[in-house]
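Two versions of one and the same chain are coming, encoded as structure tokens; call them structure 1 and structure 2.
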Structure 1
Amino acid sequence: MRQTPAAYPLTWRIMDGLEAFVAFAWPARLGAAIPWLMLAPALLLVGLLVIGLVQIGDVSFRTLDPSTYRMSENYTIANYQRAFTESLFATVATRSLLGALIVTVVTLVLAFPYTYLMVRTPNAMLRKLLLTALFLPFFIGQVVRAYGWLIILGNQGMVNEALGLVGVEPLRLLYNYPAVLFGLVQYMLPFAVLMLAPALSAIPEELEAAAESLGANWVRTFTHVVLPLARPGLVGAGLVVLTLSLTDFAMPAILGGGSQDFIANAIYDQFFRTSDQGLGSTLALLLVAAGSLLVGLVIALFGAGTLALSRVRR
């Protein structure tokens, strides 16, 4: 009897073969392991990071021998003593932490109205415009954005040229602390808005209408209704902005011009300028610890509910 190919096409035969192979290679009684099998590649990839942290930990206990430029064989805590006693690192850490706090507050203040309008506007075109304006810089990358600021704020940049037209002496707008913070705020805005958006769109518009119908003006409605309900989103966004700006490298490097180093820059310099891998690893490990401490602190203060949100969005 002649069987037409259309009746049982080749792709079906291949699928049959594959099904038989799967059934053979993975009998039903091992079914409970299937999710773990599916998770395996991702677990292995992230495992690289864990091995990396272990390596950092190992190197952090070795000191650099200045005569041979090799790392010592035996473990010491000398690097940790240096990290905590040398004033340079205290200065850098204070500068980073203070900067990150300022950046977080400014970013949240700027991001909140933007997010609010974005989720509340009935105008679909406006919403699309606001979203596009948000995603473009997010996708353009830090280096190009910092380069844009160099053109705008440089000594012969746009702002100074414009000031020159009205007879003002050129101002030194770059390579100082405010320039770095300014660049960081711009860098963090998309992260903050994207984390605030789900929290704000979860607030029912009727609640605001209710508050207003009870006689509250918009300022009172905002401080007594919107702001408290948005707290989980604000905490999540603040946490993300704080850790990302605390650990940033590019903005201090480009807009700070080497004089405004943050912790990440100090770590980089230990590895690539002084070649002291031990001290660099120590600083990196301390930074990782500080970051974890921040996350832990926020969970302890505000509950794990905030993390459920920050868990899925950076």
Structure 2
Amino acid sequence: MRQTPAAYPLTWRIMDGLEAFVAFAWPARLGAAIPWLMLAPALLLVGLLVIGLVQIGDVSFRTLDPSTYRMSENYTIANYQRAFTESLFATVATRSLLGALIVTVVTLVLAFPYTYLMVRTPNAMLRKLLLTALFLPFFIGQVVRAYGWLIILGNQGMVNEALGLVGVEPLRLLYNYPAVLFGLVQYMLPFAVLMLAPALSAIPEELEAAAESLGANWVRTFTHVVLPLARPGLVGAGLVVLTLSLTDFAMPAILGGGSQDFIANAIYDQFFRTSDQGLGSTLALLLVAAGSLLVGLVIALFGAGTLALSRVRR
């Protein structure tokens, strides 16, 4: 039965009008350009990043004139010589790289059992509790969390007050290297759990049950079944934690008290305290190079993990 014009809904007429307008404004012959149109925002962001890196690279070959506080017009490698020869920058770089590696290992060790329990527990209430505890830190900024640790670990903080009750003298828990590493581990833990959860969820529980039925205890099941299958998640989480730890600024600045600076803090000092944009740009490029080298080395040895894009095989 044919519908009368009055029975045709108004919303359908609007949609037909919009469809006709799109067909007029974007003919079918332009359909091949749709993927590029969708990629345009990403290409724009990448292009701006490349332009910024090119400008930073240009400034890195210029030195600061202390009499005028202006960058020189001539190109030189003096900033790179300073970065590789001065002991201060070598100490900061070593501290940053070593700290990033330690934080990555400790974070993965702590995140794996947390994720496994969250994924495998049959208790819905416990799963919700673990998920809530996981996402709650994301509602609190990194700086706020760092200042929270100042209150907890300070000389008059909760920890030292509790130790004083049992006769222990106040301990210096802040403004040292372990404090910075502790803060970074606490900050990176949710990121690692989020990267590990999909990998562990993809492991069928039947495989663990089959291993146990063949006589394997939980240790052998974990080492020979769960751990190898969770390798992509471990690699992906390790890459994320490694890069974020290497480039972190807030935790070394707040919990380190200015005595445990990472590379990002040194870059900030050059740009905003000494106004030496040339040396700051040099350190920024070296940080990008070091991070890219580490990520490339990990990918070459272990693969990209869950960060890789692979087609589904049928």
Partner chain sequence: MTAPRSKSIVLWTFVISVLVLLSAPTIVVIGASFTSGNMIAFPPEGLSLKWYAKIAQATELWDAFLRSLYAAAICTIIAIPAGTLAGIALAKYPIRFATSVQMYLLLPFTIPLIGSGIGLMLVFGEARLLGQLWPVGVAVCVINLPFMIWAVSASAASLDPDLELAAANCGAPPLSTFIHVTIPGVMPGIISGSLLMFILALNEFLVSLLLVDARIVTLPVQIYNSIRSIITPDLAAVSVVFVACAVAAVFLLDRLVGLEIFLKSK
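Just so you know, these numbers come straight off a predicted model, no measurement behind them. Rigid core: the largest C-alpha set superposing within 1.5 Å between the two forms. One-based numbering along structure 1's sequence throughout.
Engineer: Pick out the form predicted in complex with its partner chain: structure 1 or structure 2.
Structural biologist: Only structure 1 matches the form predicted in complex with its partner chain.
Engineer: Would you say whether Pro66 is displaced between the two structures, judging by a C-alpha shift of 2 Å or more on the superposed rigid core?
Structural biologist: Moves: no, less than 2 Å.
Engineer: If you line up the core, does Gly47 shift 2 angstroms or more at its C-alpha between the two structures?
Structural biologist: Superposed on the core, Gly47 moves its C-alpha 2 Å or more between the two structures.
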